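A single chain comes next, written as structure tokens; it is the form predicted on its own.
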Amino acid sequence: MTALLTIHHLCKTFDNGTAALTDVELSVSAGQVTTLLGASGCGKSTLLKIVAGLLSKSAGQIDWADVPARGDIGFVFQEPTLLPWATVRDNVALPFTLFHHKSPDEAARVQNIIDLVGLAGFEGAYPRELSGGMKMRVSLARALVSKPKVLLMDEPFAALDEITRAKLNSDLLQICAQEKVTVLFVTHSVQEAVFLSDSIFVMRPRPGRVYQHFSLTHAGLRNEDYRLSAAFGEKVREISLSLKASMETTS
């Protein structure tokens, strides 16, 4: 697989002296879902924000296969962060509004992405009228509407119930395959990581760094049958043990 993004010896120390990340090494392959897995405090979100350009790094290197242009990176945060006074349609179209981008196919693109995330019929609804899962679908649509090459997702489904979360996991795989977007995903759920990912980097804390890397192969469709399969259960067990060991490692 071609590496779209490669990170070398990346470090982040905040102004108060807290070392959030040290010597992080990882790569993200084009067209795949790569997941950063770890407990709270291991620097997953910090790393994602550095990749997005929302935080500066203290040291190290971030190499892109192609220099990302504006709109090449989409970001889905832990909270939907929707404009409460705007409709679903206007929230999804927000990137076009902010970038003062006007094109004849803008309205069609907004409608197409609303349809794709399963919100057809709710274009005129306001955030207060939506469930938690629907709000996250709006956030996902907003991140995808400008056709980014890379989608960064920071524990977007953590606050949702298990049934909604599982449905969004399945839908995310279909949506990203259709949109041909590369995903860098952050989670602390082993089950979510195994279901979604082609590649998992288990991180350990204080300071955050990569503990172990797993490349996953999925035989057949990733669906409810896969969740109940022996292969899924064994991989969850293997990575759970790695995550446990990463928390016990002190050097």
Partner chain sequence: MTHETLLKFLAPLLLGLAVLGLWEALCRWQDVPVFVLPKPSDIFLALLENFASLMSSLWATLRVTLLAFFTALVLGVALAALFSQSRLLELMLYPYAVVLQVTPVVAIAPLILIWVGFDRVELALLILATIVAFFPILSSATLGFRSIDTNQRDLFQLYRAGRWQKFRYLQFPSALPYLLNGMKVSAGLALIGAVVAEFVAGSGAATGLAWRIVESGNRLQIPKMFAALLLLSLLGIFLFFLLTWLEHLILRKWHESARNLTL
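Numbering follows the first chain given and starts at 1. Note that the coordinates shown come from a computational prediction; the quantities given were computed from them, not determined experimentally.
What follows is about the form predicted in complex with its partner chain, which we do not show.
In the predicted complex, its partner chain sits beyond 4.5 Å of every heavy atom of residue 221.
At the 4.5 Å threshold, heavy atoms of residue 65 stay clear of its partner chain in the predicted complex, well away from it.
Contact check for residue 97: a non-hydrogen atom falls within 4.5 Å of its partner chain in the predicted complex. For the chain shown alone, residue 114 is not a contact residue for its partner chain in the predicted complex, no non-hydrogen atom being within 4.5 angstroms. In the predicted complex, no residue of the candidate spot (4, 167 and 172) has a heavy atom lying within 4.5 Å of its partner chain. Stretch 138-146 is the contacting one of 138-146, 115-123, 157-165, 173-181, since its residues have non-hydrogen atoms within 4.5 Å of its partner chain in the predicted complex.
Checking 30, 52, 59, 216 against its partner chain in the predicted complex, a heavy atom within 4.5 Å turns up for just one residue: 52. Of all the residues from 159-188, none has a non-hydrogen atom no more than 4.5 Å from its partner chain in the predicted complex.
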